[in-house]
Every structure is written in structure tokens, then in C-alpha cells.
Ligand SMILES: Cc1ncc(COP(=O)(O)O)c(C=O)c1O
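Encoded as C-alpha cells, the following chain is the form predicted alone, with no partner shown.
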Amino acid sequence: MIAHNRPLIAEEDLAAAEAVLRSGWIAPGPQVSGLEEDFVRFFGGGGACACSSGTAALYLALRGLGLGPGARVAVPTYSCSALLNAVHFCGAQPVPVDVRLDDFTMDDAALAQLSRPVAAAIAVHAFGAPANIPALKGTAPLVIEDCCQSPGGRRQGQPLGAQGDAAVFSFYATKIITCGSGGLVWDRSGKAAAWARDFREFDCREEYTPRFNFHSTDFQAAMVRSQFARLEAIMARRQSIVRRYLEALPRGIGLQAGLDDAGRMPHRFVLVLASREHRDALLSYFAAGGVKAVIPLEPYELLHRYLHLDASAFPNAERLVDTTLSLPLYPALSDQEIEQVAELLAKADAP
């Protein structure tokens, strides 16, 4: 069975981690600082704070931007529960918003139609698809770009993460670059990242205020730095897999919009089918052919369902959970495995 996800740990990644392990310094140190500097150089300025996970990064970004108890924070309902967790742990109130049917990102029109204003919005670049940050900023005073599925992606020549008030990244095992778990906050002014670093440095302080150990480690940072250095090659490999799948795609089967955009860092190859029955039939079809396809998000995982809100207010997300299917897309796929997936896709029945 071809796995849906599999990290590519290259020899240079192993060497980078091994060098740190052999150095005797594995706690946060020069590699963590170096990773933060890598992101500052990538964005051409600002500040960065590496941390223990993408969820921690999101929490730190929210707090670093001054969001806390009483703040209403818009979140795309077709997304990960980590968004709810980060907002709740700030004492703020998550406000689910429906998503666009074409690219699965937060619907700026739905955001603008909320009955009460929000203090901020978390804009997820869903499976690598760029959210419309300028449109969202027309309604939300602050926008945090969730780049956990899109590092290296670009929109109109700008790197994703550069247009919002802060950006967060994840280095979890299924993400574009990984060290198993980890995260990072970046912002243009550097103020949110500075707050995050201060909060992260919980020990040996002259004065006490509640903080938390959100540290990453140097061997994790070394792995991420090794992969970050070849981010363009990772993007090129993912885009080449997308092109092969697009060649094989039968007429009548839809896709998440923009998969073939030049600036896209494709995280998932998501089919959009006509019905739940067709989706389930293809799920079984790929499994029988030795390919693990997955349903990206189950209905119960929609954020508005977790909060027991009226499902009729989120028609696009409700439709997407019934009709989407994700195929394997990652650099660790061999050429033979890519062909196996493509050949199955070419023979998949359209309604």
C-alpha cells in the first residue's frame, strides 16, 4: 500500500541532526537561533521565534498581537481543531466562518457578513492554496497567516506569510518540512516574535510572570534548516507530481482550485467529487489498487460542529467534507509509485 503521507528524510537531514547530537548540545541553542535567522532572511526582515509546535506558534502569535479574553477571532471552519485550541487558550472566542468552494480558504464575503465584528482572523492557506489576505484585511483588523501547509508558496510574487500581521508555521511529520514536531512565528515588525521569545524563555528570570516552556531543540532545528535550504527543490518535486496527476485526471472529476499555479506549494492533491457516494467509491477503488487515499476532513471535525453551531450557516464546508478525497503527494514518492497513482487516477470512473 502506498502511504498517503511519508516524510523524506534526506542524508543531509540525518547528517545535520547527527552533528548536533554528537556536539553534546541538544537543548535550544545556535541551531534554533539559526532557524529563526533563516526565516528573517527569507522574508527580508522582521522577527522570528521557533517553538515546540504549530499550535504553540499560533497561540504565541495571537498573544503577541495582543489578543486575549473577550477578543473575537475568525477561523475557517474547514480546518484543524488546533485553531480552536489556540484561540481558547488565549481566552478569546473563536468565530467559525465558511470557506470558498473553489480553494477551501476563508470566504471573505462570509466574514464581512458576520453580525458582530471580529478583532482578528486566522487565514489558513488550505493545502497550499493562498487565502485572499487583502480581502480579509478589509474586515478583520488583524490577520494571522497560517502557513503550516504552505511554506515557500507565493501569491503575486510575495511569499505567503508576508501580507498578514503575523505568520505561523508547523514542522509536524506530515508537513512540507519536518522534524517530527515544531513550529515558528514570524512577523514583519518583530514585535509579536519578540513577545513570543520572552514568553518562551520561562526560566532564570529576575522577575516572575507566568510563562511556558514552548522550546524547540537544536537537533530538531538542524533538521528543519537542512530542509528549508532546499525548499525550492521540494516545491519543484511536488509540482512535478501534480503535473503528472493532472495529465491523468479524467474529465468529470474536479479539483481544488489553483493546483497548477506557478507559485503554489502543493501540500495535498484533493479531488472534488459529485457526491459522497462517488467519493466513497473512489476511496475503495484506490485502496483496492494499493493506494491509500484519505478523506481530508470528516464532518465531525468541522469547527462549527465542535462548537455546536447551526450547520446550515456553513453550506460550503458541509459540502466539501462529503465530496473531497486526497491522493498521496510528497517528495518521498518514487517515480514508480507516482505512476501507479496516476494510472489508477486515469481509470477512475467519473459520474
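Since the model is a prediction, treat every value here as computed from it, not as a measurement. Residue indices: 1-based, along the sequence shown.
Another form, the form predicted together with the ligand, is not on view; read the next lines as being about it.
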Heavy atom within 4.5 Å of the ligand in the predicted complex - the one residue of I133, C90, A222, A82 that qualifies: A82
With the ligand left out of view, which of Q227, Q149, Q163, T105 would have a heavy atom within 4.5 Å of it in the predicted complex? Q149
Quick check for you: of 49-57, 64-72, 310-318, 282-290, which stretch puts a non-hydrogen atom within 4.5 Å of the ligand in the predicted complex? 49-57
Is S216 a contact residue for the ligand in the predicted complex, using a 4.5 Å heavy atom cut-off? no
Would you classify V124 as touching the ligand in the predicted complex, given a 4.5 Å non-hydrogen atom cut-off? yes
Since only the chain is shown here, I'm wondering whether T77 would be in contact with the ligand in the predicted complex (any heavy atom pair within 4.5 Å). no
Within 4.5 Å, heavy atoms only: does G128 come near the ligand in the predicted complex? no
Candidate spot R264, P266 and F269, all three touching the ligand in the predicted complex (heavy atom, 4.5 Å): no
Contacts from 1-33 to the ligand in the predicted complex (any heavy atom within 4.5 Å), listed N to C, are none
